[in-house]
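There is one chain below, alone, in structure tokens, taken in the form predicted alone.
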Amino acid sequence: MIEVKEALEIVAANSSNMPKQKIQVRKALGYVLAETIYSPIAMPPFRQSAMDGYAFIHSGRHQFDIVGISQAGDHVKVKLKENEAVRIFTGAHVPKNADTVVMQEDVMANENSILIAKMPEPFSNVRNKGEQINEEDVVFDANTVITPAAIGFLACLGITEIQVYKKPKVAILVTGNELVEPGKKLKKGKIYESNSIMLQATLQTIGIKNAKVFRVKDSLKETKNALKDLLKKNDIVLISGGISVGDYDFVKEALLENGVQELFYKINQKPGKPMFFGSKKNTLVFALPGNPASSLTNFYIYVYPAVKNLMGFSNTHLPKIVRKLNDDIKNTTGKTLFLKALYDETSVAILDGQASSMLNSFAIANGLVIVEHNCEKMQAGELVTILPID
């Protein structure tokens, strides 16, 4: 059995980035860049008007003759004199020697001339070439997450393909003869299976949308055969249950017989002590406890950073925040505790229902309070570390 810190170090050391792939910008939402992108053009690529109005040379005069029009998409080659102006629209090319645009609301106009009633400051309402970015400037550094705005910005620079890290293919294997799929009739001795649905949902929050679920009976042969296939076809295999030391817990034996290298087994923590982490070639295996709260806790602590590491994220772990504790905490276990909690801007309250089987408190928690294994007591008013999970 190892401490949490060592387990985290082992997971980090064994979860390197996925291979790179080219992908269309329009399909890149949620992916992480595997290259630094440089702008092929300046943006804007020419001086643009920021308003509907009139472009002119700022000289102190107020009356101008209208000598042309510049619409979006046009390239006006008019050379203005000091007494001349061009009707112009938002996004349109500003004539070469014009330096200011006056909003149309601030002028009195007829077909041939305008009178500026409210004079703008010099250079107002003109977007200069390269105001957003110049040609060859860095658009995004490698390891940037592609957001909707990032897609829009790349598209406006004319970029259609980018290199990203592939997303890992994830499979979830559920063990347990007592489990029944939600929606089916619940017979005596049976319980509804929730871990796979919960793990799929949690994976979706970090961009893995197509994790497939497989089920196996509590049998060494069937577990071994199921794992043999999943280890070949996936980058990560998550196993729910069957990793403890009961008579019908066959997962560890099945993993080892399939050639999975054990990197650690059991962590000095509560909940979630009985967890196996291993690898076979490039496939990572997390055998999570069957108890729902333990399973979800270990996902947040260990699986979450591994998945984000594979995807190319720079920041892989849940962030840490600090709040004042509302009540005393005693830790007589000698284990690291992860306690379901509710925090606000200033303080944090430990919730009732900390048992490893209880999801009701997890469902309303927005954080996990960390109590180190060598800390026996924390008093109300002390600062504690929280992992936000909302």
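Take the two forms, superpose them, and find the largest set of C-alpha atoms that agree within 1.5 Å; that set is the rigid core. Since this is a predicted model, take the numbers as computed values, not measurements. Note that residue numbering begins at 1 and tracks the sequence as displayed.
There is also a form predicted together with a further copy of the same chain; it is not shown, and the following applies to it.
- Looking at 139-147, 117-125, 225-233, 302-310, the stretch with residues near a further copy of the same chain in the predicted bound form, meaning non-hydrogen atoms within 4.5 angstroms, turns out to be 139-147.
- By the criterion of a heavy atom within 4.5 Å, residue 296 is counted among the residues contacting a further copy of the same chain in the predicted bound form.
- a further copy of the same chain in the predicted bound form comes within 4.5 Å of no heavy atom belonging to residue 38.
- Looking at residue 259, you'd find every heavy atom of it more than 4.5 angstroms from a further copy of the same chain in the predicted bound form.
- With a 4.5 Å cutoff on heavy atoms, residue 205 counts as touching a further copy of the same chain in the predicted bound form.
- Residue 190 is the only one of 212, 190, 81, 221 with a heavy atom lying within 4.5 Å of a further copy of the same chain in the predicted bound form.
- Comment: a further copy of the same chain is not present in this chain, but in the predicted bound form one of 97, 279, 314, 71 has a heavy atom within 4.5 Å of it, namely 71.
- Residues 41, 43, 45, 46, 48, 52 are the ones in 38-54 with at least one heavy atom within 4.5 Å of a further copy of the same chain in the predicted bound form, listed in sequence order.
- Remark: with the core as the superposition reference, the CA shift of residue 234 between the shown form and the other one stays below 2 Å.
- Put the two forms on the same core and the Cα of residue 262 is off by less than 2 Å between the shown form and the other one.
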